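What follows is one chain in structure tokens, specifically the form predicted on its own.
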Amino acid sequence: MYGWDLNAYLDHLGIVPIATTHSCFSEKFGIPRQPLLADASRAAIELLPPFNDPEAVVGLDQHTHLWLTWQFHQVAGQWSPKVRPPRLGGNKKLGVFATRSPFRPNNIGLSVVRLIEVRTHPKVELVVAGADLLDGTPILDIKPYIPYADSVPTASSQLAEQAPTLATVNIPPPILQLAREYRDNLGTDLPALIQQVLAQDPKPAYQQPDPERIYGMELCGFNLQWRYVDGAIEVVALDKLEREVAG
């Protein structure tokens, strides 16, 4: 009836976004593939009317982590019963429900993030760390993470038993100094963020490193560029992006 149109489906259910995301990630490429892998990332979860009542977040600061339910709002195309997860190099198919692929019947995501601050003025927003969320991501729900109920010490995953091996990231001193001068209202540590994002190796797993190829992504309003040299990642540029202001 609704195909992959999540907005039509949510309309039918009476579900509406309660918040929007202001994130350091302005494009999908380069976002860590799981939450909390880049703790230096910062995002503001801004509550929308009529949910932006300060009363709605009373007591939230008693929790260190939150569950965010959200919408893959920039995923295009139909869902498929089988997908190619990056964890397996993009060459092996698994059932969609055995993966965290964004190409799902309802395009709904779930992330655990670390809560840094609850702000109620001039707007109601939550400053969080470790978010794997694209700028503008609609938030459908917010719940506290409860360690005794949500953590399962005996849980296992044969496909993802351990975190990926981190790559070595080299940032030349002039670029490192430029990153250190970056300031925003969320307290982002840009040098640490660059290190953590690139250490996850954003390129597709099936691609072989080519020292002649320059990769790039938008990060915190910069064009970050890097290449692969002798098994390590070398940052080659960090250029401020000029945004046109609509008149």
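What you see is a predicted model; the values in this text were computed from it and never measured. Throughout, we count residues from 1 along the sequence that is shown.
From this point on, the text means the form predicted together with ligand SAH, which you will not see here.
- Residues placing heavy atoms within 4.5 Å of ligand SAH in the predicted bound form fall in a single listed stretch, namely 26-34, out of 211-219, 189-197, 26-34, 46-54.
- For Q74, a non-hydrogen atom is located within 4.5 Å of ligand SAH in the predicted bound form, even though that partner is not displayed.
- Of the heavy atoms in G109, some are within 4.5 Å of ligand SAH in the predicted bound form.
- When contacts are judged by a 4.5 Å heavy atom cut-off, R100 counts as touching ligand SAH in the predicted bound form.
- Contact annotation: L126 falls outside 4.5 Å of ligand SAH in the predicted bound form, judged by heavy atom distances.
- Checked against ligand SAH in the predicted bound form, the candidates V169, I116, L134, V83 yield a single residue with a heavy atom inside 4.5 Å, and that residue is L134.
- Counting a residue when any of its non-hydrogen atoms is within 4.5 Å of ligand SAH in the predicted bound form, there are no hits in 171-187.
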